[in-house]
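Read the single chain below, which is given as structure tokens and is the form predicted alone.
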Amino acid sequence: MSLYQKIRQQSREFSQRTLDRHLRLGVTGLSGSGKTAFITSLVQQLTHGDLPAHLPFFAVVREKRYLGGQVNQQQRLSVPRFPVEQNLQHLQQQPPVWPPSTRGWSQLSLTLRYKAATGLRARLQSRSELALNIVDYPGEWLLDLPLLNMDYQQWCEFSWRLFRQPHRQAAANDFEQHLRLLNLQDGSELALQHSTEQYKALLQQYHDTPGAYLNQPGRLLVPGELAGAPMLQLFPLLPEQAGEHSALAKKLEQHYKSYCKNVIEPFYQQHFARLDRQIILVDCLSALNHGYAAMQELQQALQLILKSFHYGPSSLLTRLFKPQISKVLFAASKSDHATPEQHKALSLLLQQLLHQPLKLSHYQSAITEVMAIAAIRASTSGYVQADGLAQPCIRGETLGQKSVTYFPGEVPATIPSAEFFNQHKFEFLALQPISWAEHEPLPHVRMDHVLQFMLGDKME
């Protein structure tokens, strides 16, 4: 893209934001929460799913005012493009498979066209437009945001409090022993790299451990373009070691500051500081499967992350110069892994997990909503006869391609106690997406509600 084209694009965006015709949507979630599937579904619904029977609660579609959406093809060549077409190809396979997890950041811009329902635009214009920008990134990188509010000593203390939790302690023993044998006066490149590799192996073990969500720094797991960068030679010393101001501690503190300044801050400024609206995806069912410690760590991770965002009402000045998130949707993803009558309890469970962030966003005058969704369906629901009674069930295929028809169990409306988890085991199965044919709307649960909440007022 030439300098002239770049200036023209920026001028167009400024004009659109002045007229409130431009929206930056943030899709936020930890690794495994379903961000890639959600964005793929969102784009497909807006470009091919505009049928009233398919999106009945999306007013602009129900009222037949929606003229269609297109993915903009003139994206800057230096900006990675969200691979929506490749993701849809994965869903078209037989059997269908989920799109691969995100390994780097990417972006997609859409132009949505519609007829205004009321007002001057409805009388003077045959069509109106809304520009929509969406950014995707690895969930592992999101977990770095809390580091901006800690120094190196505080991060070491935080990390080792976390590592000594029951579901993490055994895995951390070898790394703790490694640290106790270190020569703290050796801050050489070789010593740093050797210990970083030890810590990276521990992080990978935690990443593969169900219920271990808080794994920092995220770029050690998914380095992206930073693979091999010296600032990624980073690991938490034991708190007493970090306070000794040794050669190694000073070197690690230097790398920590560099990582925060040159990686986390630009990442935040580029992708999060300018958001207008936000969708926060949370996989509550997987956390239930993995027990009380998993639920507690999920809650802690979400509360830490959401402290990094700025919420508040939108106005012309904030849109142009200091955007704030004016609407937040908290979505319990993969709701179709439970039966429909359990969705209310799933929403209530998510509300309790997010009690403090919800209070914060309300206090700052953001509009919030909580709902249970499935961006891409993995099951169908129905009833089976058992002892002469109709019992709810779902039908789908496991990741091992085994067909199942079963009742997954009840979803608790509140976070169960540790004692309850000791006596009861949740078993919400991981399922494959259901078969889907090209050019058909992707099957979903409540994506029309999502679209109405996030975009409805902009398309009136």
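Here the structure is a predicted model, which means the values were calculated and not measured. Throughout, we count residues from 1 along the sequence that is shown.
What comes next is about the form predicted together with a small molecule, which is not displayed.
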For the spot marked by V60, L112 and E460, is every residue within 4.5 Å of the small molecule in the predicted bound form through some heavy atom?
-> no
Should D336 be counted as a contact of the small molecule in the predicted bound form, where contact means heavy atoms within 4.5 Å?
-> yes
According to a 4.5 angstroms non-hydrogen atom cut-off, is L306 in contact with the small molecule in the predicted bound form?
-> no
May I ask you to state whether T36 is within 4.5 Å of the small molecule in the predicted bound form, using heavy atom distances?
-> yes
Answer for L30 alone: is it within 4.5 Å of the small molecule in the predicted bound form, judged on heavy atom distances?
-> yes
Only one of 170 to 178, 212 to 220, 368 to 376, 247 to 255 sits within 4.5 Å of the small molecule in the predicted bound form by heavy atom distance, namely 368 to 376
Residue (of Y206, F272, W98, W105) lying close to the small molecule in the predicted bound form, criterion heavy atoms within 4.5 Å = W98
